[in-house]
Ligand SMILES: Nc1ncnc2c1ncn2[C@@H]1O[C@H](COP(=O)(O)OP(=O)(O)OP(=O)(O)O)[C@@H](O)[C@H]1O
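Below you will find one chain, with nothing else, as structure tokens; this is the form predicted alone, and questions on how it binds or moves follow later.
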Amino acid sequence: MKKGFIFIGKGGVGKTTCSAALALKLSDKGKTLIASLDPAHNLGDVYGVELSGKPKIIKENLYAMEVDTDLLTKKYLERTVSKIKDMYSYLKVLNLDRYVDSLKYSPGIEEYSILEGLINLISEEYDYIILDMPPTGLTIKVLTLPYTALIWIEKLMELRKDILGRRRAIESITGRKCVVIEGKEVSIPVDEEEDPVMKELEDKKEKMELVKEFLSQKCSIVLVTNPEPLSLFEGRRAIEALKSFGLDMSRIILNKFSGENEVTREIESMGEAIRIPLLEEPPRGVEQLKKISEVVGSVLN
């Protein structure tokens, strides 16, 4: 069964370094992909190589990539606009262009586009998939989106079924309705099997259920934090938010540990914390990452 690890945490806590070290460890067990979804990429810097949006081999069984989230958003918008215009072509008289062109400014577009990128990644043929996520706030929205989206999708499907039912009732009295668009006669769909809107909703539902299954059954979420108050507060909020959706938030990496204090004790009370000592220089390259890969690998237990 494919296994995933999602690394989250406040910017600058070392989640990229920790995720890169775990990927190194897992590559000894099977084919491993590590992907950065953080717009401020530094995964390539950690491995000491130049990365792009396509997987690059780092060593045997280890592949790394940096996903271009701006490009993800652009492509997501292009697909969405195209689908809306196709599905509602019979409503051209209403001039939908202004509406669909404003989608780029709509709340949630960035989250949906990153989620689609995540869907593409978990569909790849790897034994292990490791995701280095954006800063905590955006990550929480992305990871909880499948759960909230499924509620809306199911409601929209109910409404769409009702609309199609009313159309069938009208058709039984007046006959099949058609409109002429650019010289072509187009019939207005009345059955679920032929309705492009229902097909799109079913496709979205299938994708959201795929991510939900991955997150809840095949994935471990690892919080990386530092022994300082701001990291503690942000980490606690992340744990509370994701636990409310039933996600396992018991794995914590306490990075840059230099001694026990009130903050470290509070962090370790939130879950199974793994201590990584404060290093003089952050590890760079495969050989240096090996030094902490065994410690980070403790999250596998």
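Note that the structure is predicted; figures quoted are calculated from it, not measured. Numbering starts at 1 and runs along the sequence shown.
Here the subject shifts to the form predicted together with the ligand, a form of this protein not shown in this document.
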* Which listed residue (K31, K56, K256, R236) meets the criterion of a heavy atom within 4.5 Å of the ligand in the predicted complex? -> K256
* Structure fact -> As a check of understanding, the residue in V49, L232, I276, A273 with any heavy atom within 4.5 Å of the ligand in the predicted complex should be identified as I276
* Asked: Any idea which of 37-45, 59-67, 243-251, 23-31 reaches within 4.5 Å of the ligand in the predicted complex, heavy atoms considered?
  -> 37-45
* Asked: According to a 4.5 angstroms non-hydrogen atom cut-off, is P189 in contact with the ligand in the predicted complex?
  -> no
* Answer with yes or no whether P283 is in contact with the ligand in the predicted complex, where contact means some heavy atom within 4.5 Å. => yes
* **Sequence-ordered list of residues in 3-21 near the ligand in the predicted complex, where near means a heavy atom within 4.5 Å** => K10, G11, G12, V13, G14, K15, T16, T17
